[in-house]
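Next up: just one chain, as structure tokens, the form predicted alone.
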Amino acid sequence: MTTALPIPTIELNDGSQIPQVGLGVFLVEPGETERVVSEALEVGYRHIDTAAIYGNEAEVGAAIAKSGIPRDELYVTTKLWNDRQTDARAALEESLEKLGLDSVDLYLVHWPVPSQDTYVTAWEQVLDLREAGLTTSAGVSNHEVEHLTRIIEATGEFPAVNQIELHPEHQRQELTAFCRGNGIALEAWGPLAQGKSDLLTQPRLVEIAEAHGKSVAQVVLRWHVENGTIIFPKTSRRERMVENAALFDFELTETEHAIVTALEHGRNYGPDPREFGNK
């Protein structure tokens, strides 16, 4: 069994610990998922993020089972899809069967889908699943301030996590301030802008990377880490997995950090949470 990478953990508002860097398997084909997750576990990742809609939970589970890594050394997240928001227990039980697990560490309401108007019910049910021991932590994904405010007012419970599109070009300042001010940990999907921009060829970032002997991707990921964000840099290549986690042997100067922050221009590359799933 391989040794875990030296990745720090962040304490969530429920007292549990989550590794700050994980492997996400969004858009990883089921036929490739078992290999990708197995390699990630071999190189030392211990945090895997999947979702029912990804269609690869069974392959994630197969890789975990073959790894021989004790369950208490792994952190596994999955998510409740939009058409199961009033049927969360059955949905999670199906996910657990595919994963081959008795419980997950974190279960997220995947999207609010405001037009459906069931995300409060979904949140209430995910809280029930936490109480039933089927998930250690309860959280949400892609929830804006108005969605968070509503579920908190309805239940008095703050999500442990909000997983959102977050990168230097789309820093979500109002949303991130709300989350951080209310003890909700932020997870970034698409932390490198999904490769849909020129982020990784920005001349000033290239200079910073050269100064530290790192890649531009590592500079951007280090910026996230220094902001206290949990990140899922996506890759199916073993060498890139290692690179993406090698973030804790250097620090950005205040000036360098500010240069990355100055790339903000409100550009999102993923769906709008206020519109996604609306019919």
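Position 1 is the first residue in the sequence shown; the rest follow in order. Source: prediction; values computed, not measured.
What comes next is about the form predicted together with nicotinamide-adenine-dinucleotide, which does not appear here.
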Could you tell me which stretch in 173 to 181, 126 to 134, 93 to 101, 106 to 114 has residues with non-hydrogen atoms within 4.5 Å of nicotinamide-adenine-dinucleotide in the model of the complex? 106 to 114
Which of these residues, Ala217, Val225, Ala40, Ile64, gets a heavy atom within 4.5 Å of nicotinamide-adenine-dinucleotide in the model of the complex? Ala217
With the cut-off set at 4.5 Å between non-hydrogen atoms, does Lys234 touch nicotinamide-adenine-dinucleotide in the model of the complex? yes
Hey, in the model of the complex, does Phe158 get a heavy atom within 4.5 angstroms of nicotinamide-adenine-dinucleotide? no
Does any part of Gln194 reach within 4.5 Å of nicotinamide-adenine-dinucleotide in the model of the complex? Heavy atoms only, please. yes
With a cut-off of 4.5 Å between heavy atoms, is Val120 one of the residues that contacts nicotinamide-adenine-dinucleotide in the model of the complex? no
Even though nicotinamide-adenine-dinucleotide is not shown here, does it sit in the model of the complex so that Ser141, Gln163 and Arg240 each have a heavy atom within 4.5 Å? yes
Stretch 7 to 34 - residues with a heavy atom within 4.5 Å of nicotinamide-adenine-dinucleotide in the model of the complex: Gly24, Val25, Phe26
